[in-house]
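Have a look below at one chain only, the form predicted alone, in structure tokens format.
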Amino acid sequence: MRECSGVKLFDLARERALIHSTAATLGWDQETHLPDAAHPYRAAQLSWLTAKAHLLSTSDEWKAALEEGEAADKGGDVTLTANLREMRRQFDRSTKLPVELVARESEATSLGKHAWASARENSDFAAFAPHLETLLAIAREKAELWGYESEPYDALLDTYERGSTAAKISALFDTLRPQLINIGNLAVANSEARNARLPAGPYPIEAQKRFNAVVAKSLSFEFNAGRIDTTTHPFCTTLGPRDIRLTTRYDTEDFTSSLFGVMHEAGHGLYEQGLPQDDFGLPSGDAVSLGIHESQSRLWENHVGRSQAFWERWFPFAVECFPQLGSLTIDDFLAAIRRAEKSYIRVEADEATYDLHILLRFDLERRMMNGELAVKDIPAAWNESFEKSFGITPPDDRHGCLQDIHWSMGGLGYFSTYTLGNINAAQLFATASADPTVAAGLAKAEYKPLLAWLRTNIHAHGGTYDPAVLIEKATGAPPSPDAHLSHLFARYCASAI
């Protein structure tokens, strides 16, 4: 911890982090082990904790400590100045929200997630719709209180990707869309020509758990400071500076679904394990944005997890765990796991078509926030947009507008960060791969040099720099989609896979 006149503020921030981490523990339990009948009271518990944290971080004591730190800061410590800057930004946003609204949102998301899980299982959007109405109204209420330059969606984006706006992302996505459609079509055509598929299951869940744990450990995920559990929708959550929880779900017909889910969440977990532990609760000890967070998960899932070097090392162990894979050559296996096809489910989509899922959600969310799309009309609007992007229509809401957890947890404004993450991941991976030590490790599927590069250039900085500044410091260039598009074309379109 940096010693400075702002130490009182940092003590308060640590106290707030204790409250948030306690709530995160209850939230993790809610998604993994909580009995159905316990959800209403769990919602009340989380609402109470969220309100306590909000009251602390908007208190007169907090304000006085912040002002004291700002007055004493001479600008000699970059991290201290950044912490004070970001804590001022957070304080100004937090004080615009009444504690009643914060508590109400927490309870609504707890109940919403439970309702979503049931609605998704039954493909019953009508059962979830009242909860979404409530959460959408809360999101609009927050946006109006925060204020925005052009549209309500801007206020939500700033929660996840500071410095971004709907107009900027829309312009980027409008540029990407025709190129992504072209890449997706070429990739699908190549995959159809090759027609490589994994052998039929079953792939036993216990064997999947074994394989996933060994792979995650090989990436340097620390199991003495984390674990993997099962849930409806995969996620990673931080319960403390040395307590990172990963979750996944299993498909006995396709072991790669849980594997790539674990690699994705392990990417998040490696980032969390690499943040400055002594600064837990401060901006410098927290992830800078979800676009950076998603860059870590997408880098490990795709640039590492679907690479030839990775499978040259791990395919023999995969055959040991799943003997039916022995009928494939490694080239056939690579073609199967890189198979591009127009699919309904985002989290199971291939790299070549994945971003089209994100563009669809971004467009729908803007329309929802602007009042152009009513909740009751979402299933039809989703299906219409999906057909335009993919040429297929979801067979039901479970495979359509109910597939993601984000709206039920109040995550409006979140989705664009996945494509921002893909863009950042490709740019970071291309730069890291130019380092001879990293390149040598990648060739042997040894990933400590890559992780060390990410620790130095991304993780160690926490939230000290804005996302675009951090990418430029790490790569020497501003964020650009060029590396991402080049990667997709080279892997999926340059020749038959």
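Residue numbers run from 1 along the displayed sequence. Quantities reported herein were computed from a predicted structural model and do not represent experimental measurements.
Another form exists, predicted in complex with another copy of the chain; not displayed. Remarks below refer to it.
The three residues 18, 37 and 242 all sit with a heavy atom within 4.5 Å of another copy of the chain in the predicted bound form. The single contact residue among 63, 33, 448, 444, judged by any heavy atom lying within 4.5 Å of another copy of the chain in the predicted bound form, is 33.
Only one of the listed residues (49, 454, 438, 470) places a non-hydrogen atom within 4.5 angstroms of another copy of the chain in the predicted bound form, and that residue is 49. Partner contact region in the predicted bound form: 37 to 45, out of 455 to 463, 37 to 45, 65 to 73, 426 to 434, criterion any non-hydrogen atom within 4.5 Å of another copy of the chain. When another copy of the chain is considered in the predicted bound form, residue 117 lies well away from it, no heavy atom lying within 4.5 Å. Taking non-hydrogen atoms only, residue 317 never approaches another copy of the chain to within 4.5 angstroms in the predicted bound form. In the predicted bound form, another copy of the chain lies farther than 4.5 Å from every heavy atom of residue 153. The closest heavy atom approach of residue 225 to another copy of the chain in the predicted bound form falls within 4.5 Å.
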